[in-house]
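Listed next as structure tokens is one chain, alone, in the form predicted alone.
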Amino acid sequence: MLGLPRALLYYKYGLLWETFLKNLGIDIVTSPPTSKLIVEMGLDVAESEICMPVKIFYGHVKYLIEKQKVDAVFLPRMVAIEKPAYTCPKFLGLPDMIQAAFPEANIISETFNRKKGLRSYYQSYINLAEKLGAKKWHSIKALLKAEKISYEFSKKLHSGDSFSEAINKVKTKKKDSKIINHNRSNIRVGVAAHSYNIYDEYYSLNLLNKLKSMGATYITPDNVPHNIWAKYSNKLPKFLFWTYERELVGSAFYWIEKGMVDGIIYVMSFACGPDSIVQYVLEDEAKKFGIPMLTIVLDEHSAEAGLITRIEAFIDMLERKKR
């Protein structure tokens, strides 16, 4: 049984990985949504200096090993997903960090590096399949199915669906509806955040659903196609070398310049270096265009009551400004 941690890049590529592995005939089990127990398990083994999302990842791995008794854990090394840039350093070193923390664990890993070209990227999937005992032709067939599902998922996100709506439609094969459920309000908020900071409902304190309950429309970087955020991120005077930070900056710049949002909520993790740099970039851009911006820093001590108070005040301020 192969374990798949429901953390970090799972919220970007989980559907792709699950589809690929299942079509190989691999028996996989995904860890449950983040809970207090999983967070505590992560804090117990992770170094105190690393960022909270990685600590949560440790907790998911420990849960898979100790509670779900998996035979191995799937942990890809994501080096780059586009030619000019790299992923965050924590993704590059994650397999080694996890192996050091769990020396007895069987970690199934493979390096994915789009800087080496598309052929090399696909070869990584073939290599992964071979490690799992699958034939080359079988892995190619499984990858084509996985890429198709992933493309449909991205297409629905880019059409305006929320993460949960897109997942549901792809898995149930439902057709797009004419009305997007999370776009009903006059107040439009751009939530600039990494997927693992907002789609993990326990860690984000259910931020997106709280915005909906307050009557606000929200849009996330996942709703912005790659070619658009890449174009707008290049407006920076110096190239930003982290892809997922480029995605945040490019998406926010796009929303601001096109007048798509009334305000921006920037969600960052405590102790994340790249996030702290992006904060000042976004604040400067929002100020130029007169767009209010709220920064929320998440860590293991984040409290729901404080979050609700800050969001309510921000939404009220946006409503007054709009009137």
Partner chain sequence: MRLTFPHMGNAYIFVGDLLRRLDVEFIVPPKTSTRTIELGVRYAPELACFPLKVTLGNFIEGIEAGADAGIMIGGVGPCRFGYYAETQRRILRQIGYDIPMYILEPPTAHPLKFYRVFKQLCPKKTLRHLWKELRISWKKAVFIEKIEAYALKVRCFEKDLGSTTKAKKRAISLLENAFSETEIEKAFEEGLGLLNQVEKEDRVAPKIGIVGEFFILLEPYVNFDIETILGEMGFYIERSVFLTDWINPGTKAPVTGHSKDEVLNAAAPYLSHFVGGDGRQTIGHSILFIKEGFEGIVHLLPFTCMPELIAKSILPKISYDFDIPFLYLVIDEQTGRAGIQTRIEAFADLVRQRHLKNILPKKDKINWTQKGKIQPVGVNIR
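Positions refer to the first chain, counted from 1. Treat the numbers as computed from the prediction; the structure is a model and nothing was measured.
The same protein also has a form predicted together with the partner chain, omitted here; what follows describes it.
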Task: Lys90 within 4.5 Å of the partner chain in the model of the complex, heavy atoms - done: yes
- [ ] Determine whether any heavy atom of Met268 comes within 4.5 Å of a heavy atom of the partner chain in the model of the complex, and answer yes or no.
- [x] yes
TODO: Indicate whether the partner chain has at least one heavy atom within 4.5 Å of a heavy atom of Leu240 in the model of the complex.
DONE: yes
TODO: Tell me, yes or no, whether Glu66 is in contact with the partner chain in the model of the complex, where a contact means a heavy atom of each within 4.5 Å.
DONE: no
- [ ] Could you work out which of Ile107, Ile140, Leu132, Leu236 is the residue within 4.5 angstroms of the partner chain in the model of the complex, going by heavy atoms?
- [x] Leu236
TODO: Consider the chain as shown here, without its partner, and state which of Ile50, Leu37, Met260, Leu43 has a heavy atom within 4.5 Å of the partner chain in the model of the complex.
DONE: Ile50
- [ ] Among 214-222, 124-132, 79-87, 155-163, mark the stretch whose residues have heavy atoms within 4.5 Å of the partner chain in the model of the complex.
- [x] 79-87
Open item on the list: Let me test this: is every residue among Thr111, Pro274 and Lys288 within 4.5 Å of the partner chain in the model of the complex, going by heavy atom positions?
Closed with: yes
Task: Stretch 279-316: residues contacting the partner chain in the model of the complex, 4.5 Å heavy atom cut-off - done: Tyr280, Val281, Asp284, Glu285, Lys287, Lys288, Val297
